[in-house]
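Heads up, the chain shows up twice below as structure tokens, two forms, tagged structure 1 and structure 2.
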Structure 1
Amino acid sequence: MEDHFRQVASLIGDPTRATILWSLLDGRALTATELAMAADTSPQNISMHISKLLQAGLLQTKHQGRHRYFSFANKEIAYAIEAMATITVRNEIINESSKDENSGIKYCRTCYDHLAGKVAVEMTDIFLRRKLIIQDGNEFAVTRKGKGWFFDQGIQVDILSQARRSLIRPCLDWSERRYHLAGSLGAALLKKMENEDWIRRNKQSRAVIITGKGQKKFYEFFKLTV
């Protein structure tokens, strides 16, 4: 077990391989050449690293003509990478170039079946500020006021809370290092936004795009400029 952990750790630990894994984090499948570009190294080198990751079972591969697409072998890989990303390194320059700060997977993505990323965290903040939900230690709860608001959006909290599944739960966001909203309520929100075309998902990636309608609605409902 300990050996196994060391193997995984040193596998992920190499900077080039770490970059490969990071590039695949949104769930896409990339070719060797694309990965070489992302990691800024040669195709031979990438090939070597990929073969190690393949052999260890971290990646899976799919042939398509002269291309080979690589992606995570299972979801545990992605969750481990995200867990590692939540570790804060001290002395780190916080003022990273905000260039990539608002783009792609960090901005708006799915996490299991609910929304994550900057948008989700800010939305959760607004729910808290408006007292639609309250935080109590490690838990979230929907207020009476919240029940009404969600009902107006077509989400019936009472019905959701009858189900086995936990209604509402804080979920740590690796990109924001703050909590967003999970549980059946989080899932219902995502579903509603997708149904009403505020956002669109795609199979390849966990990144989510916000439609024009979505932009309007996010502002209308949450005063969020997305």
Structure 2
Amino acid sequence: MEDHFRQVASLIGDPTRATILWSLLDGRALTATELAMAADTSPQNISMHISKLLQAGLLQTKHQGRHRYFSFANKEIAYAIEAMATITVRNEIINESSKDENSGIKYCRTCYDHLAGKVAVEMTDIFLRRKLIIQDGNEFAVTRKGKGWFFDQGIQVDILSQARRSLIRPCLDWSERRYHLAGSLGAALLKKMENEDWIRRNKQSRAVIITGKGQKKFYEFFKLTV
């Protein structure tokens, strides 16, 4: 275990490989060409770095036609990368990411397949206060009251709990230094918000745009002014 940890830490510590992992946090699978552009390096160099990440079990690859797409080998890796940012991100990067406290990547963004940032942390706090979810140490659980509430929003917790992945888990938010909601429940919430046009993805970054409809819905459902 110790040797494997040293190997993984060494892999992530390389700037190019760190950029690859950070770029995949928006949940999209990317080609080697796209990753090379993100890392500002050559196709030959990016291929070498991708190969090391594949061998270490951090990435997986899928073929679609003539293209190969790369993504995290599992969701836990994405959560770990997001959590690591709480101790590695520099203040100047945070400041450049958001000039307005009510916009930008610190305010509302995607974290792999769920919502993150200030909005997501405040939403999680509301779930806890309303006893829709409870926290026991570093674990979250959905209450009976919560199951009913999510069912009313079209999210069936009992069905989600039958999936192989975690139903609900805390994910440490790098910008807020507190937990937001992850797991299949967090993914279902993000999907609902996207499908109903509460939020829209930004092709240039992980920051999401909250629509006019979304502003109304966040206040209606969570009493959040966004």
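Residues are numbered by position in structure 1's sequence, first residue being 1. Fair warning: this is a prediction, and the values are worked out from it, not measured in the lab. Take the two forms, find the largest set of C-alpha atoms that superpose within 1.5 Å, and that set is the rigid core.
Matching the description of the form predicted together with the DNA is structure 1; structure 2 comes from elsewhere.
The rigid-core alignment places the CA of L185 less than 2 Å apart between structures 1 and 2. With the core superposed, Q156 shows a C-alpha displacement below 2 Å between structures 1 and 2. Core-superposed comparison between structures 1 and 2: the CA of C111 stays below a 2 Å shift. With the core fitted, the CA of I81 sits 7.8 Å away from its counterpart between structures 1 and 2.
Core fit done between structures 1 and 2; CA of A32 shifted by 19.9 Å.
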